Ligand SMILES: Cc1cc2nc3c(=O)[nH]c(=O)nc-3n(C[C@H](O)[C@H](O)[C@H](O)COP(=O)(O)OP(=O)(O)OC[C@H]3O[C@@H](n4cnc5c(N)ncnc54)[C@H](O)[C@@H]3O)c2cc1C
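Just the one chain here, laid out as structure tokens, in the form predicted on its own.
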């Protein structure tokens, strides 16, 4: 499909204001979920806009249904707060698999092998048991719906955060597109939790852009012998004859793509789905225990792990691993490397160019290597909780997030159960 060199002028128009609020969160993945809950629980009138009809992003629609990881690989929990609350709620419904605290950091080969079969241990030897969690995506959706709605935040599904509408150095409103047409939502503070940085890019904030190999995760059931699945397949809750196939189960597509290019995305959707069907047929044909197995579902969202990354007020770099930072508002380990810890400073969550914008999730201001840690679901929950808390505080003071007292923000986060190592 060739782009024309021509262009057309779109007539200017006045957008109806659908809502006014203290905090507007765009994107309902893990970061957006945590942001909305934290903002609402801290007293802010909060609206969460999500383009699909369910919350979770890749953590549900992408079938990336493992929380990797809430620990540092040395037996210490480093992500707590709302992510820990999620684990406890899912555990109460009997819908997860995870190691108990006494097993974290264990090198027992039998334990390591057991949890590796659930997709909870990654990386090369030596490996240890990690505090990671496998869960059912529908249970996840149900629980996070309950958490968001009970917080008092308002949900708006099937609406796309189209662009930031600027007045000077602040976002006056966000234009949204939906079946209801083009509208706008006004907010004192806006949080970009889109994963792709759609809002900060439209607001003129600088960013890095990476291309990636995408994947479509899928699940199969009716497996007679899950142990015969081999590398690339994991047991999936509830575990009775069901396996999860993450990236690596099938071949890569022939080139990396941009997660913000519509033609690249279209190509990847078609090609990845074709490869899933080929892999399912191969497993049924060649793998013991899979003869009667069948495909239950393919992820509805491509596994895009990286696209835009904001260049913010602070940029966390790889060589800052295991270094303290007095501006820390979230922490994360690395899901493949035990003993690696990043203290994420507040400056990674806001740009210099826009006074009332915060960013949470996989597009925060870090380098490519650090992104390998901060893109994971627990880390996104942690930065989302920090962004939502800061947004509520800033909205209550009619202030820019950058002007907040960092000690007060940190104390509030710790009071909510977040782990800052302080």
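Because the structure is a prediction, the values reported are computed rather than measured. Positions refer to the first chain, counted from 1.
If you look for the form predicted together with the ligand, you will not find it shown, but the lines that follow are about it.
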Non-hydrogen atom contact residue 393 with the ligand in the model of the complex at 4.5 angstroms: no
Is there a heavy atom of residue 64 lying 4.5 Å or less from a heavy atom of the ligand in the model of the complex? yes
Can any non-hydrogen atom of residue 388 be found within 4.5 angstroms of the ligand in the model of the complex? no
Is residue 217 close to the ligand in the model of the complex, meaning a heavy atom pair under 4.5 Å apart or at it? yes
In the model of the complex, do 72, 332 and 420 all reach within 4.5 Å of the ligand through at least one heavy atom apiece? no
When the ligand is placed as it is in the model of the complex, which of 336 to 344, 278 to 286, 74 to 82, 298 to 306 ends up with heavy atoms within 4.5 Å of it? 298 to 306
The ligand in the model of the complex - contacting residues of 194 to 211, heavy atom within 4.5 Å: 194, 195, 198
